[in-house]
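Before any questions on how it binds or moves, here is one chain, the form predicted on its own, in structure tokens.
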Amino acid sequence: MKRTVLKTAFLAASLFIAAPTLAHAAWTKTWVIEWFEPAHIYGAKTGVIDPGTDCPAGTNNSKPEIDWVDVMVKAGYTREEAVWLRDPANPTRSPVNGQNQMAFRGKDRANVYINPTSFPESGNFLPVSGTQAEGINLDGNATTGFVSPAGEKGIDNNFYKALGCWKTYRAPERLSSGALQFNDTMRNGSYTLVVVASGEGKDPMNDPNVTLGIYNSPDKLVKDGAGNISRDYTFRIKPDAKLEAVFKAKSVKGRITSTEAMDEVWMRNPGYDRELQLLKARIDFTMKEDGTLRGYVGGYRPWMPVYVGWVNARGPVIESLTWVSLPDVYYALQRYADYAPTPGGERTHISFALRVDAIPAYVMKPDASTTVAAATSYKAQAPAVVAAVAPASPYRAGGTVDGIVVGRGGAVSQTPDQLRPPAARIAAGTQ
């Protein structure tokens, strides 16, 4: 019903609204994002762990699964304790939440999820070693970075270099486990993003003055009978005081590229951290003959929220399912971070690019009164934001605290007794 009403409103607007309504722009094109994911190149012929041009040694140094018993022994536990910790018969090991005690393997039994430097690198988490990458030249230096598939030099995408050989991100387009998980969430109605481009010239394909905006929408995507996102549906813009990205650009032969870097933009992120901050942000999109839009949003993103997002997703579960020691992810992001917001300061950000696919859609103003006439900011129309009380730990999300799942009443089970095999506990008189 809502779709029908909105589409009717659009048709009425297109028939009866006079030219002054479109005075803000000579032309306007609109889309809805149907898929987006980190811009990574897959270099293998098959499989997510097999060697390829991107990862010559495969993933995790060609060792598919980590021997967690060996890891815990090296961390100072006895082999008997380590075997018991990984034993499905251990009552503290949950088939859903994993084994919380896996966290306490740092120096002096520190929680490695919130103290990653208390645990050494494994040496098995390898970076991308190929020379090719997708993305955007963010710093204007063609002598550094990767080369794009089209041969453009200076592509800055150290996020890909750091994490591109982790099987969570490594796969052909649209097939990595991470991309599938987060795009399924979007495509099933959790959130929607729309794109608006407008210009001042007569030809949208060649215009020196283009503005492109990416906005939230409160309306869900619509699927066809094959499960694909349908074109030409109607979506309202949902003003947000924070999550809005507006870029100054130009178009040449249908390719929309930034004419200046935006100091800071925010948008919804396909990941556990959800909100994506990009500094010195740029775009590189191409308007296709079939009406679709494809390209990149790039910039320098803070790398710590990426790590915290994986920790908060239940550290023991992520480690078991993705065959990685989470401290290795921390070390990799820290090592390849390549941007410091303060000159000479800490490199808290890492170059990054999202690959975006969008399909034609009707995009309307927040009140659904008419279609948008130009890409502009809607932040002023956003409702007032009520300040939230910050959690005690940045590593807290839902029922997870410091990377491990809390029990009833918020208690975190971490007694040394739980690491002791039954025989040792009986001998000690604790069982």
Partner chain sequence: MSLNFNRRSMLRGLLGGSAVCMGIPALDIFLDENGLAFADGAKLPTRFGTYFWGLGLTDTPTGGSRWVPTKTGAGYEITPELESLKAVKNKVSVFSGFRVIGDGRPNIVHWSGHAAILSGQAPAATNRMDGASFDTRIADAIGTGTRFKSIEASASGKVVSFSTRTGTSYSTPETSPIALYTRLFGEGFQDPNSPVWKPDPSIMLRQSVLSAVTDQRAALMAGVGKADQIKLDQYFSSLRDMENQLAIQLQRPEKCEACVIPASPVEKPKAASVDVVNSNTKQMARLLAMGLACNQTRVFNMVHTPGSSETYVAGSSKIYHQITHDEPTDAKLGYQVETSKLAALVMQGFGEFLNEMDAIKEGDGTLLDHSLVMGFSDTGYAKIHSLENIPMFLAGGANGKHKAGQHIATKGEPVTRLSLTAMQIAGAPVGEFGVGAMKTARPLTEVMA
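If you superpose the two forms and keep the largest set of C-alpha atoms that fall within 1.5 Å, you have the rigid core. Numbering follows the first chain given and starts at 1. Quick caveat, the model's predicted, so the values are computed rather than measured.
Just so it is clear, the following notes concern the form predicted in complex with the partner chain, a form of the same protein that is not shown.
### Query
So which of 315-323, 246-254, 291-299, 105-113 is the stretch with heavy atoms within 4.5 Å of the partner chain in the predicted bound form?
Comparing against the partner chain in the predicted bound form, the contact stretch is 315-323.
### All of I49, K167 and D224 within 4.5 Å of the partner chain in the predicted bound form, heavy atom check
Yes.
### Message
At 4.5 Å between heavy atoms, is T348 in contact with the partner chain in the predicted bound form?
### Response
Close contact is absent here: in the predicted bound form, T348 is far from the partner chain, nothing within 4.5 Å, heavy atoms only.
### Query
Does the 4.5 Å heavy atom contact test between A142 and the partner chain in the predicted bound form come out positive?
It does not: once the partner chain is placed as it appears in the predicted bound form, A142 has no heavy atom within 4.5 Å of it.
### Task
May I ask you to state whether T342 is within 4.5 Å of the partner chain in the predicted bound form, using heavy atom distances?
Because no heavy atom of T342 falls inside 4.5 Å of the partner chain in the predicted bound form, the answer is no.
#### Entry: Contact of S177 with the partner chain in the predicted bound form (heavy atom, 4.5 Å)
Heavy-atom contact with the partner chain at 4.5 Å: present for S177.
### Query
Considering the partner chain in the predicted bound form, which of K153, K242, R86, R335 comes within 4.5 Å of it through any heavy atom?
Only one listed residue qualifies here, and that residue is R86.
### Position in contact with the partner chain when the complex is considered in the predicted bound form, options D184, E260, D203, D263, heavy atoms within 4.5 Å
Partner contact (heavy atom, 4.5 Å) among the options: D184.
### Message
Given a superposition on the rigid core, I'd like a yes or no on whether A368 shifts its C-alpha by 2 Å or more between the shown form and the other one.
### Response
It does not reach a 2 Å shift.
### Task
Using a superposition on the rigid core, decide whether the Cα position of I41 changes by 2 angstroms or more between the shown form and the other one.
The answer is no; the displacement is under 2 Å.
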